[in-house]
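The chain below stands alone, shown as structure tokens; this is the form predicted alone.
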Amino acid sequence: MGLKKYIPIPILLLAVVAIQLTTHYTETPFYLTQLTMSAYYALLVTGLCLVMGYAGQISLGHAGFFAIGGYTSAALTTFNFTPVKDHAVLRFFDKFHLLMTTEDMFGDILLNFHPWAACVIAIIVTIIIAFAIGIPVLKLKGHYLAMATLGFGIIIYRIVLATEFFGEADGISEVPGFNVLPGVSVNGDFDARIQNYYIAWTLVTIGLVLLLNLIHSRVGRALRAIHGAEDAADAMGVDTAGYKLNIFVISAVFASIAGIFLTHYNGGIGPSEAGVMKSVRYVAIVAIGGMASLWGALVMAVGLSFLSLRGMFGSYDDAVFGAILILIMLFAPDGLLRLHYLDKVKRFFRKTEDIS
């Protein structure tokens, strides 16, 4: 495969730049807000594509991992830890300069975690939970696995909805910006709209490069073997349980990172991000783009998320995604952008020509 697997990357980067320049010259920079948010959702979807298209697993709980990342980072960067600043754990984090002090509007001192520290903690929490859930759950197959991951998603939704630390039904607001580099911050400021757009797509590009390396490696070949015939792969010595678990965890980390960055970009997060229909939406997008097509999943994630965020579907948003999933499963189970599906269309027109 060599460098051929990377050919779409520069094309993607050119498209990202072209879209930004188009919004500039057409005086429609407000589109960049939805395109930035769509990029973060696309990061989650590409990670889910790895689980569904290559490991052959169905997960209806990825909105839960998104919420774990977003809520953990939001809570740690907004909750005032001043009353417990003398606790051994807080002193440990303060020793390594992982805490920061700010002032509220009344001049009171607030002690919060630095966004970088909160990000790392959120990812670690996600990894631990993904392992804890994945070890028993991934022993299941088919609709049993789907129901188990759905149950996990419902648990996360109820926890964030009923826990005061996570803001209950109101969620968490006033989440500070994330200074990823000196002078480079993820936030919702109007003046930083272009900067945030490129940060999001840089993150997506890095994620795609990592996934491309993975699926074109020995691990990728093992995953395709598991997807094609798990029992046969197991008989040939492939550690099917280990591969499935590790891929599940990697995918969960992608969802968590997407949740972290989108939360800091929006300045808050609410319980709806952990909703069941969010997980159904992500599964639908992967199905539309093609179960084993990273680029198809990416294109569909950006396109459909953008339309949804622009309010194109109105109050029927969830119904539209549910209907799309049903139609795809009935008429194009391999996805709209799969080449062999297009070949079927070509053969249909050839037969029509022959009959005429």
Partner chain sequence: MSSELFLQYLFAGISYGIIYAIVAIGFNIIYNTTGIINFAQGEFVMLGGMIAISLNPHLPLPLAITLAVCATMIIGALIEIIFIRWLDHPSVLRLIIITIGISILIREAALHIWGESVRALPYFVGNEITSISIFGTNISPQVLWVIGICSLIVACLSFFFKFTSLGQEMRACSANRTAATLCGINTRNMVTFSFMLSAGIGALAGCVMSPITYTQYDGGTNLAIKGFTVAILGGLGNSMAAVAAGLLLGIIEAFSVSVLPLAFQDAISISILLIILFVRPHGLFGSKEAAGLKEF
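Residue numbers count along the first chain shown, from 1. Everything numeric in this text was worked out from a predicted model, so none of it was measured.
The discussion below concerns the form predicted together with its partner chain, not included here.
- Contact with its partner chain in the predicted complex, defined as a heavy atom within 4.5 Å, is made by none of H114, P176 and L181.
- In terms of contact with its partner chain in the predicted complex, the residue from I129, V280, L208, L76 that brings a heavy atom within 4.5 Å is V280.
- This chain is drawn without its partner chain; in the predicted complex, the residue among I194, I154, V125, L90 with a heavy atom within 4.5 Å of it is I154.
- Taking non-hydrogen atoms only, Y144 approaches its partner chain to within 4.5 angstroms in the predicted complex.
- Proximity of A162 to its partner chain in the predicted complex: non-hydrogen atoms within 4.5 Å are present.
- Taking non-hydrogen atoms only, R158 approaches its partner chain to within 4.5 angstroms in the predicted complex.
- Remark: T28 does not count among the residues lining its partner chain in the predicted complex, judged by a heavy atom distance of 4.5 Å or less.
- Of the stretches 183 to 191, 272 to 280, 115 to 123, 249 to 257, only 272 to 280 has residues with a heavy atom within 4.5 Å of its partner chain in the predicted complex.
- Residues of 301 to 329 placing a heavy atom within 4.5 Å of its partner chain in the predicted complex, in sequence order: S315, Y316, D318, A319, G322, A323, L325, I326, M329.
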